[in-house]
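Consider the single chain below, provided in structure tokens and representing the form predicted alone.
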């Protein structure tokens, strides 16, 4: 460890040169890395910056292998593993004697951070859900369901526009139930995931066996939560499976929670049998947050991220971003990223300039390649930096190609401009990626549904 400490700056500088890391990336990702400890031939490193799981996961996947190679070359030391961990986990490691039993949660990719097998994100809880006049009824109903699943409000149908907190409430229900009863079998899925499973099982050679496994999975749970139910409309096989799944669970007194962008009565093509079943429970809408709620949400996010932002800029954001909580957080994230990359405090002038695409109260949101890339990255639980990186893993390549296709078809931007936003890729790479997804859309219903879902997130109107 002593030799490693002495040569740490030399190691980072060598890494920058050898792997052609830009000054911005070096200052943002490598300089804030700090040696923590060596235990069982594992090197633990902390990051003096954003402590989110996505950031730490990105650092782990992008830099730990080059670090291992560089350390071996410069000081002839091999480590079994290098882990980038949060400061919270570092503090925990100090207290624990047996490091092998420490759960380094922050080193896991965002999509792998789950409680049990329920596919629920543990970050979404009732404690960090900001309650206002727009969502008080929905929050109260959700809490009642969480306290007594299957007894009241079954099904619970939560509806509202994009980015207003429907998914947060649904997963808060799951986390609450699981904390109270760890043995509860809870399943959260998006309608897209449900649809894709139906399609996949119908295609298998042993159709009857595959569909039975599918039905066993969905009809033996204690709580089923389906997000964005509106996306199954028009998909006959999927609707039929969901209809029978709903009936089976409801007959057994199992809790069903559904979210949508609108109430059933406003879905013109929704089968009446679904409307009647949804009406059996409780409809809870989430409206647009008022100024006080928006300011409370913004203050909570700022506190969570340990960021300093002047009160006047907070008011500017809360007054101008009125219809979408997700955009409030997106605006804040953009200012945080700018501040850390440029190493300067955010002024009102900077905020007004950097938030032009977020703050346009009188015009519809412009669809730009940057917006598309951000929405695609969010959908797949990866970072924008990963989209622009040289990462060739399938979990990054496929979202990147979908972004190429959508940028090419939804905007008038040049292939060169799209390529620059995606890590400086040339026009032939953009054409290849876009064509690949276009071919899949023509041939595969699952890809077609996936792309349509993302397009609706980009442009809900």
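Positions refer to the first chain, counted from 1. This one's a predicted model, so the numbers in the text were calculated from it and none came from an experiment.
This next part talks about the form predicted together with a small molecule, which is not shown.
#### Entry: Contact test, all of 394, 399 and 435, partner the small molecule in the model of the complex, heavy atom 4.5 Å
Negative, none of the three is within 4.5 Å.
### Task
Could you spot which one of 161, 281, 263, 150 gets a heavy atom to within 4.5 Å of the small molecule in the model of the complex?
It is 161.
### Query
in the model of the complex, which of the listed residues (338, 243, 129, 214) lies with a heavy atom within 4.5 Å of the small molecule?
None of the others qualify; the residue that does is 129.
### Message
Is residue 155 part of the interface with the small molecule in the model of the complex - any heavy atom within 4.5 Å?
### Response
Although the small molecule is absent here, residue 155 would stay clear of it in the model of the complex, with no heavy atoms inside 4.5 Å.
### Message
Test of understanding: in the model of the complex, would residue 358 fall inside 4.5 Å of the small molecule by heavy atoms?
### Response
Judged by the heavy-atom cut-off of 4.5 Å, residue 358 is well away from the small molecule in the model of the complex.
### Query
Any chance residue 301 has a heavy atom within 4.5 Å of the small molecule in the model of the complex?
Heavy-atom contact with the small molecule at 4.5 Å: present for residue 301.
### Query
Would residue 325 count as touching the small molecule in the model of the complex under a 4.5 Å heavy atom rule?
Yes - in the model of the complex, heavy atoms of residue 325 and the small molecule come within 4.5 Å of each other.
### Query
Which one, 345-353, 82-90, 245-253, 325-333, holds residues whose non-hydrogen atoms are within 4.5 Å of the small molecule in the model of the complex?
Stretch with heavy atoms near the partner: 325-333.
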